[in-house]
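Here you get one chain, nothing else, as structure tokens; it is the form predicted on its own.
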Amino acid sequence: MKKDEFYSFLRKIPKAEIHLHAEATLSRKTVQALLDRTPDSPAKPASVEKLFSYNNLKDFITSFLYVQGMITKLSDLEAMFDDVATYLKANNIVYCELFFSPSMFMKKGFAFPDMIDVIQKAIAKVEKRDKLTIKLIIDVSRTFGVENAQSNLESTLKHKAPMVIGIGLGGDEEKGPAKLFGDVYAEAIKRGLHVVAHAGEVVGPESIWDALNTLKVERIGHGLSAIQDPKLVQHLVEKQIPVEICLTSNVITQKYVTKAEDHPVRAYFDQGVLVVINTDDPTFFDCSIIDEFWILHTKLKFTMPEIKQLIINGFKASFLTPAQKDAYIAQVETAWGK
């Protein structure tokens, strides 16, 4: 299938994306506007292109935090969801589980309930206008330590809104090993929140084991290093623990793979791992979820039936109810048949 035909076809298929960071869906136009109003400083990048230029996870996180730092008003958060909606609509993503990272904003003096209130209203507006569903996963963050993560959890529980369904652990995986956050996750589970974690993105399979055994996570974000441990891959298959694959992100940060053809997603899929395709940070990596499927199709030889299965996996791995999953999957089958 030619590229234009592929993109035209995939745009007609409803999709889920469950590993997506809200701040990373800001359009480059919006980021440029934020940059233009930011006071000059030695840390200020010369251009948007410079801001989005990196080849490792550490430098990417630095840029991510810089973008967060340019968000200085609650109205910026509201505007951010216009860009979220634009991205979702362009890719026919009808259901999304979106990460939001409050740590930097709270350190700047933003009140957690104020942020949640603004975000709740922004999401409600988008859902009504665009006929899609957005749920929020609060990234308690490993970058700033256990005490900060516990504080984020307490704020989440105290000011829990209907769209908040769980917590995640993003940030610097080397600086904040998953095993340190066991008590935070135990409390989250006790209080009825879903739990996920980035693991195996830049650290070996032991990080994934810790996320599974200590944090008791329901999904693994990235999971690149699982391929190094056949017993771990077998465990993921047997338990059908979803792995949120972010192909372009992994290639750009260049820890375990430097080109798409070397990504373990093909091996995972062939062995029966429940893999789900996501973009992670579409603006930062200049990709869309349809771009990711095109790369899988052309460079990793995923057939069209396999692409359909990956799309279905997005709903299967979500935190929707079984009935909701079935309804969305039926929509995929109908659209694919047409």
Ligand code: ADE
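Sequential numbering from 1, following the sequence displayed. This structure is a prediction, so every number in the text was calculated from the model and none was measured.
The protein also exists as the form predicted together with the ligand; that form is not presented, and the subsequent description refers to it.
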| request: Flag N91 as yes or no: does it have a non-hydrogen atom within 4.5 angstroms of any non-hydrogen atom of the ligand in the model of the complex? | output: no
| request: Tell me, yes or no, whether S249 is in contact with the ligand in the model of the complex, where a contact means a heavy atom of each within 4.5 Å. | output: yes
| query | Taking the shortest heavy atom distance, is E292 within 4.5 Å of the ligand in the model of the complex? | reply | no
| query | Is P264 close enough to the ligand in the model of the complex to count, meaning some heavy atom within 4.5 Å? | reply | no
| Taking the partner as it appears in the model of the complex, which of 31-39, 295-303, 44-52, 280-288 has residues with heavy atoms within 4.5 Å of the ligand? | 280-288
| Residues in 195-230 close to the ligand in the model of the complex, defined by a heavy atom within 4.5 Å, in order | H198, E201, H222
